[in-house]
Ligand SMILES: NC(=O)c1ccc[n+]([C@@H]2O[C@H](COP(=O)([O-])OP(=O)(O)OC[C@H]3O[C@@H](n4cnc5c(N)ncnc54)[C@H](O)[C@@H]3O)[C@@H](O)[C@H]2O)c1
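So this first bit is one chain, no partners, the form predicted on its own, shown in C-alpha cells.
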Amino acid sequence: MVVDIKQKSRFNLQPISQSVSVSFNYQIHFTKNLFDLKNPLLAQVITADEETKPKKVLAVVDAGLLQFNPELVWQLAAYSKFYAEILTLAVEPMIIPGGEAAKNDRLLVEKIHQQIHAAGLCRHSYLLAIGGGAVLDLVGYAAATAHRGIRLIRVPTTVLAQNDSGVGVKNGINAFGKKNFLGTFAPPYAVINDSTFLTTLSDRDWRCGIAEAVKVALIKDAHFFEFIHTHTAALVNRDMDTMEQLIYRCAQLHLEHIANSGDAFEMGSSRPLDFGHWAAHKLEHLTDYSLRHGEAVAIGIALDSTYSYLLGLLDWLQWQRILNTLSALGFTLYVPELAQQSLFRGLSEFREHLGGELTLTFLQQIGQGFEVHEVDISLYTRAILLLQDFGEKRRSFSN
C-alpha cells in the first residue's frame, strides 16, 4: 500500500511552537573560616532570599573533612544557633564518604532523599553540601531530583572543586562503569569557596586541582597558562596567595564559558571544557579509581596535547612546555593503563554521553582550542609511546 503523504497531512493540526527562556543567577563567593560566628557570609547568602525565615537547612558533609576538621559538625550547630533567625539545621548533619566511592554508591542518593523527606524540606529549603567534588556532584544530584529541585549551596573544600566542578552546573553519579551516567544540569543557589579548607589537603589533593586550571588555560587563556608555568614552584610549595589567584581565574573562565558559550547545558555535541577528559574518565575506571580525577586529567591533557603536536598543529616548543609544566607540578604523565586497547572505548563513551557526532577539543596553540570530529587511533598510539618515552627520560634525569 502506498501512502499519499500530502493526503495524510490534512488529518494533522499545525504544530504549536513556543520558546521559553529561563534565567539562572548565582554567585561564587570567596572567604576564610566560613563557619566562624563572626563571618556572616552564609547567613547573608540565605538572607538574600526575602521569603519567610528561618530557612530549613540539611547539611551533608564529606567524611574525609572530619579527620582534619573534627569540630566541623559542632561549628555547624553553633553557627545555626547563632543565626537562628535566618537558618535552622533541620536534622543532624549527614556524614557521607568522600572521593569517587560516593559517586559509585547509588544508595547514598536515596539516603539523602530520605533525610529530605523526613525533615520536611521543600523547594525553598537548602541543601548545604560541604566537601570535595564527588560529594558535591552526589548531593547536587539529590538536590535536583527531590521536589524537582531544592536550593543547593555548595561549599567546595578541595582545589579541584573550588576551581572547576564546584562552580559549574553539572551534578551526577556513576553507573554501569561510566562516569556521570546519571545526572542533571542544575545550577546551584550559590557557591562559597573557603580557602581555609585547602590548608589541610594532602599534597596529592592540593596538586590534583591544578590540572583543571592547566586545562582551561590551555584552551582559553595563554596568559593564564604562563602564570601557572611561571609560578610552578610557588604552587608546589603550597603558597596560598598563588593558589587563591589560580582558583579565582580558573573559576572565572569556567563561568564565562558556561554563561557565554551558547550551550550551557551541552545540548549539542561540543564539550570544550572537557579537554583531555575522554581519556581521563576511562583511565579512572581502568585503574579502579586509584588515579584521582585531577591526575587522570593531567594525563589526558598530555595525551591530547601530544596528539595535537603529531597532527602538526602544536609546535614542538609549546608541546614540550605543556609536558614540562605538568611534570614540574608533580604529575605522572604515563601509566600502564594507557597502553590497554580498551582505553579507546573511552572515545565512544565520550560521544555517547552527549550523543551526536564525536567532538573533541585539541590545541592549535597554547590558549587556543579547536574542535575535531574524527581521530586517528594509530596517531594516538604514537602519542602514548611518546608519553612513555617522556616519562622514562624524566625518571632517568631525576635519578
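Quantities reported herein were computed from a predicted structural model and do not represent experimental measurements. In this text, residue numbers run from 1 along the sequence as written.
Not on display, but discussed next: the form predicted together with the ligand.
Undergrad: Just to confirm, residue 293 within 4.5 Å of the ligand in the model of the complex by heavy atoms?
TA: Close contact exists here: in the model of the complex, residue 293 approaches the ligand to within 4.5 Å, heavy atoms only.
Undergrad: Can you tell me if residue 158 lies within 4.5 angstroms of the ligand in the model of the complex, counting non-hydrogen atoms only?
TA: Contact with the ligand, yes.
Undergrad: Is residue 64 one of the residues lying within 4.5 Å of the ligand in the model of the complex, judged by heavy atom distances?
TA: The answer is yes: residue 64 has a heavy atom within 4.5 Å of the ligand.
Undergrad: Would you please decide whether residue 93 lies within 4.5 angstroms of the ligand in the model of the complex, comparing each non-hydrogen atom pair?
TA: Looking in the model of the complex, residue contacts with the ligand do not include residue 93, since no heavy atom lies within 4.5 Å.
Undergrad: Between the ligand and 98, 132 and 179, in the model of the complex, does every residue show a non-hydrogen atom at 4.5 Å or closer?
TA: Answer is yes for this spot.
Undergrad: Where, among 192 to 200, 71 to 79, 317 to 325, 303 to 311, do residues come within 4.5 Å of the ligand in the model of the complex by heavy atom distance?
TA: Result for this chain: 192 to 200.
Undergrad: Counting non-hydrogen atoms within 4.5 angstroms of the ligand in the model of the complex, say which of 220, 151, 285, 103 makes the cut.
TA: Of the listed residues, the single hit is 103.
Undergrad: Quick one: from 170, 111, 249, 257, grab the residue that has a heavy atom within 4.5 Å of the ligand in the model of the complex.
TA: The residue from 170, 111, 249, 257 that makes the contact is 170.
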